[in-house]
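Next up: just one chain, as structure tokens, the form predicted alone.
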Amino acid sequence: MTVVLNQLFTGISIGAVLLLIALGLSLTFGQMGVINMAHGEFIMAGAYTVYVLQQVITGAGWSLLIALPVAFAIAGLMGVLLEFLLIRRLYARPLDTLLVTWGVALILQQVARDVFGAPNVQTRAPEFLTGSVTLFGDLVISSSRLFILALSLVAVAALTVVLKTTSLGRRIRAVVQNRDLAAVSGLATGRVDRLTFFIGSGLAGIAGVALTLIGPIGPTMGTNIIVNAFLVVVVGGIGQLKGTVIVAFVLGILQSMVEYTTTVSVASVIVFVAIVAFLQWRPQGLFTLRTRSLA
């Protein structure tokens, strides 16, 4: 039972990381239909924000806490700039957005190499996140993983509140469901698009901050995780936040359980095959967007 509980929590912690990575993409891709291949580089920007702040602020704890809003702002502004310069001309052309943002991702990777160097770098974790917590006898939980889990749940709750209860959330949902009708109704769709990109990209920056707690960071870290983010959003259902949350944790738990009896590589293959099989059975994803469209 202890082994099962340990693997279960490991899977939940993996799912929390997947959720943070995919949460911003659920807005820019799921809500707006933009295939943003530079999303991983916004995560990289958030991670390097921690690295830069730690060169200025000696306390690892303070630098991490300050990095959360700073990374959100930096990655969010990068997303706004991308949307204003390129994406706004490519709405309803997802393949074009894929090619353009892939080029932007390569440029950002090279900029990171020029500024920070090609080798990976390591950040310092705060002392209060370096230990572990023991629960239920032999169940040992990493403090950093607990922090990432709490951070992901707070991010989901905040995004849900914004989308469900605020005027900005209502405008975002209106533009997603029918852009033309929203425009003729007087909504400034361009402003809504930029705000949506700011929030989605800012969440990527927060994910980058969290990733510094579990491994080194480098110019290509975004490329290594962007595929998993897209898989979570697609399997959960395009534009469905609850689907993203459920699928992130399910895939994390599945990955952890299979890893225990096999290897990391074999587990990744089995999880990918399971995703392909699920999409063959339900290509629209776990949840679908309700609409009155006759198309």
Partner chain sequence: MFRIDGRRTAAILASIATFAALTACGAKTTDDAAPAAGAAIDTAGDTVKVGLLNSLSGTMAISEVTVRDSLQLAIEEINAAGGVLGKKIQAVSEDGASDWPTFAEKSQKLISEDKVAAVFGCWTSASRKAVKPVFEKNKSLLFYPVQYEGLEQSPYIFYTGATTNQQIVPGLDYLKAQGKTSVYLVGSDYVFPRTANKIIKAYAEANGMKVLGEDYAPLGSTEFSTIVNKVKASGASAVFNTLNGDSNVAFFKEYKSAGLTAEGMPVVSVSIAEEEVKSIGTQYLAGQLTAWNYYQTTEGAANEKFVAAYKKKYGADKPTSDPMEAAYVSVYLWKAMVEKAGSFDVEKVKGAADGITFDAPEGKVTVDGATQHISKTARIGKIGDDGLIKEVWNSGQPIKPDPYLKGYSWAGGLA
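Source: prediction; values computed, not measured. Numbering follows the first chain given and starts at 1.
Note that the form predicted together with its partner chain isn't included here; everything after this is about it.
From the list 125-133, 151-159, 199-207, 73-81, the contact stretch for its partner chain in the predicted complex under a 4.5 Å heavy atom rule is 125-133. Under a 4.5 angstroms non-hydrogen atom cutoff, its partner chain in the predicted complex has Phe29 among its neighbouring residues. The shortest heavy atom separation between Tyr260 and its partner chain in the predicted complex is within 4.5 Å. Using a 4.5 angstroms threshold between heavy atoms, Ile238 counts as touching its partner chain in the predicted complex.
In the predicted complex, its partner chain lies farther than 4.5 Å from every heavy atom of Arg194. For the candidate set Val247, Val50, Met37, Ala45, a heavy atom within 4.5 Å of its partner chain in the predicted complex is found for exactly one residue, namely Met37.
Contacts with its partner chain in the predicted complex, taken as any heavy atom within 4.5 Å, map within 78-93 to Tyr91 alone.
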